[in-house]
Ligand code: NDG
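This document starts with one chain, in the form predicted alone, laid out as structure tokens.
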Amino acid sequence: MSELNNNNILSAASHFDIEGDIMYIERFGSGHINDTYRVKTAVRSYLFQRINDQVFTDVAGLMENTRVVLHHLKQKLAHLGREKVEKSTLTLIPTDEGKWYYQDESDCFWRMLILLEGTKSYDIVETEAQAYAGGKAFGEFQKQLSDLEPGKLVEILPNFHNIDFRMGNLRNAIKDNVAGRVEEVQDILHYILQREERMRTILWMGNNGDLPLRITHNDTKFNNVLLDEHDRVQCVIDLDTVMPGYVAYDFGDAIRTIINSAAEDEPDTSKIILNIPLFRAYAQGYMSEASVFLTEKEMTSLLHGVFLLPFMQAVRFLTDYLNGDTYYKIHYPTHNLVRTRAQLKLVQEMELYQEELTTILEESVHV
């Protein structure tokens, strides 16, 4: 995307139907995909973003997904009153032409939302209370959207959690071997191929009609939950990847990011152990909301998601390593290989504790 200057940003912001004159615009947040700014007027603050249309190529579809989801959420919460609704959901600001995004002369795409003041988020889950809050937030998010027809949303990132697609990419990388690295990863490939069939379970269940297609978030990192000053859940954010999917994908991705005691790129895999108390807390928080709408087979699919998501992330890291590191940013030549081994160590740990994880999930339904 092209470089921005203050005049570009101010000009784009002026096309939105905001309250008050703009006092200043400043960089905001730490996101890596979109360019994000705080727009301050005499009346209130707004969140202003340039959408990365290289990642999200269907901006119209993306914004329509966001509009549909937010409209549904606001209807669900309408009985709480306007102030509570505005604090608990994101609010899109239309352009002065009544559209939900603005395309400038340089073909950059912009959107505006009300900034939720007085909130905070955490990149890393540190306490069981935080894990419980995260589970509750995403469980409630899925529950609120459980009666919204998935066909109303565009699949904004096709095959995002499709393991057949990811394994196909890996096989192409093995065949092409453009970086000449296939020989050095034979042990990893053996491990992955041994588990490939098991990792198709959710896909099989869905294709057989055992799992209903629902609207899922697809980026359930803890920092996509805003908390109030008392660390209570206020709002789920970052709706760019909201699209049709299976609930186990969201559950598995959240667990992948909170249960690992070490960093995603920890080179010493002996440091990668499971934080079982955080798993239990997240599962209890999630089930406190989700158990009222999940089917029995969806509940059984959750553990498959716990195994699948780190496995699939390992496949993606390894594919990029074999392709010469063209997708993920790396800080040293074997960075993607280190990431791959770390994710697979997480899978190994989960295999060791599978019985305990299963019991915790079953018990969480009745807490």
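A quick note: this is a predicted structure, and the numbers were derived from the prediction, not measured. Rigid core here is just the name for the largest C-alpha set that superposes within 1.5 Å across the two forms. Note that residue numbering begins at 1 and tracks the sequence as displayed.
Keep in mind that the form predicted together with this ligand is not shown, yet the notes after this line are about it.
Peer 1: Is there a heavy atom of C235 lying 4.5 Å or less from a heavy atom of this ligand in the predicted complex?
Peer 2: C235: no contact with this ligand in the predicted complex.
Peer 1: Wondering, does F48 line up within 4.5 Å of this ligand in the predicted complex on heavy atoms?
Peer 2: It does not: once this ligand is placed as it appears in the predicted complex, F48 has no heavy atom within 4.5 Å of it.
Peer 1: Report whether the minimum heavy atom distance between F317 and this ligand in the predicted complex is within 4.5 Å.
Peer 2: F317: yes, in contact with this ligand in the predicted complex.
Peer 1: Is it the case that Y328, even though its partner is missing from this view, gets within 4.5 Å of this ligand in the predicted complex, heavy atoms only?
Peer 2: Residue-level check for Y328: yes, a contact with this ligand.
Peer 1: Which of 251 to 259, 128 to 136, 207 to 215, 286 to 294 has heavy atoms within 4.5 Å of this ligand in the predicted complex?
Peer 2: Answer to the contact question: 251 to 259.
Peer 1: Among Y191, Y122, W100, F160, which has any heavy atom within 4.5 Å of this ligand in the predicted complex?
Peer 2: The residue in contact is F160.
Peer 1: Considering this ligand in the predicted complex, which of K87, K143, R200, K221 comes within 4.5 Å of it through any heavy atom?
Peer 2: Contact residue from the list: K221.
Peer 1: Does the trio N169, I174 and Y321 actually contact this ligand in the predicted complex, every residue with a heavy atom within 4.5 Å?
Peer 2: No.
Peer 1: Quick one: name the residues from 33 to 61 with any non-hydrogen atom within 4.5 angstroms of this ligand in the predicted complex.
Peer 2: I33, V55, F56, in sequence order.
Peer 1: Take the rigid core as the frame of reference and indicate whether the C-alpha of A263 shifts by 2 Å or more between this form and the one not shown.
Peer 2: It does shift by 2 Å or more.
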